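The chain below stands alone and is given as structure tokens, in the form predicted alone.
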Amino acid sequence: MQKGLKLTDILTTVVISIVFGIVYKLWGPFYYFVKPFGLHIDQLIYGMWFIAATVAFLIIRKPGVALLAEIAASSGEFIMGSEWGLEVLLYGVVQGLFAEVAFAAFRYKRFDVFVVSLAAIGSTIGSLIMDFYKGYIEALAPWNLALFLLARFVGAILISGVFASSLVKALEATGVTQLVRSASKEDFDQLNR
């Protein structure tokens, strides 16, 4: 596997990220719509803001893609008028870096739902660091903080881990991912059966 990013890798990552930047922008009003229902349902859907990193990495499978994807997606969200302003760019960098750590821990050689879920957990940790810095999480009562954290971690694993993996598997089934990465030996072996 070639480790350096080629121009096509960068452009593909940016295109994926622009799509998710649009999703991120549309997700903001939905996040605020579910917030009044309580029980931190808003945190269950928070994981959507980490999905660009995991989907882009599963498609491109190279170092740096997760970070680039989150930066590009948060930039797209910002350009479209994010309600959080420049702050989304900082979140994108931190979330992308923490996702990248999970992929690096496995030397960028594992692409399964477990590793992608770890990247989602990494992005969640990054987002929580930013939220603690902003200074509103520590005001929650301990039971409420526990519910908040549980909801955010579970949502991240389900959306940016399990759903992202399923989405990319569906794309692989169509053959579209072969446009950006070569077929593996296993792919060719399956064709010969």
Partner chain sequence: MRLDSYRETWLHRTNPSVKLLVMIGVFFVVLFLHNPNVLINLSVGLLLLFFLYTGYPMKYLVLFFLPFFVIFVSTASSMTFFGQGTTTWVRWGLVHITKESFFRGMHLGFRALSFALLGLIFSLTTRPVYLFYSLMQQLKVKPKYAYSFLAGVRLIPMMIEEFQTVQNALKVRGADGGGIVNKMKRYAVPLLSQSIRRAQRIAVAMEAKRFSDAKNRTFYYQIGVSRYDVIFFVWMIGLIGLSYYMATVFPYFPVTDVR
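Everything numeric in this text was worked out from a predicted model, so none of it was measured. Numbering follows the first chain given and starts at 1.
Beyond what is shown, the protein has a form predicted in complex with the partner chain; the following relates to that form.
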| property | result |
| --- | --- |
| Phe78: touches the partner chain in the predicted bound form, heavy atom cutoff 4.5 angstroms | yes |
| The partner chain contact at Ile125 in the predicted bound form, heavy atom, 4.5 Å | no |
| Touches the partner chain in the predicted bound form: Ala146 (any heavy atom, 4.5 Å) | no |
| Heavy atom of Asp112 within 4.5 Å of the partner chain in the predicted bound form | no |
| Stretch 58-74: residues contacting the partner chain in the predicted bound form, 4.5 Å heavy atom cut-off | Ile59, Leu68, Ala72 |
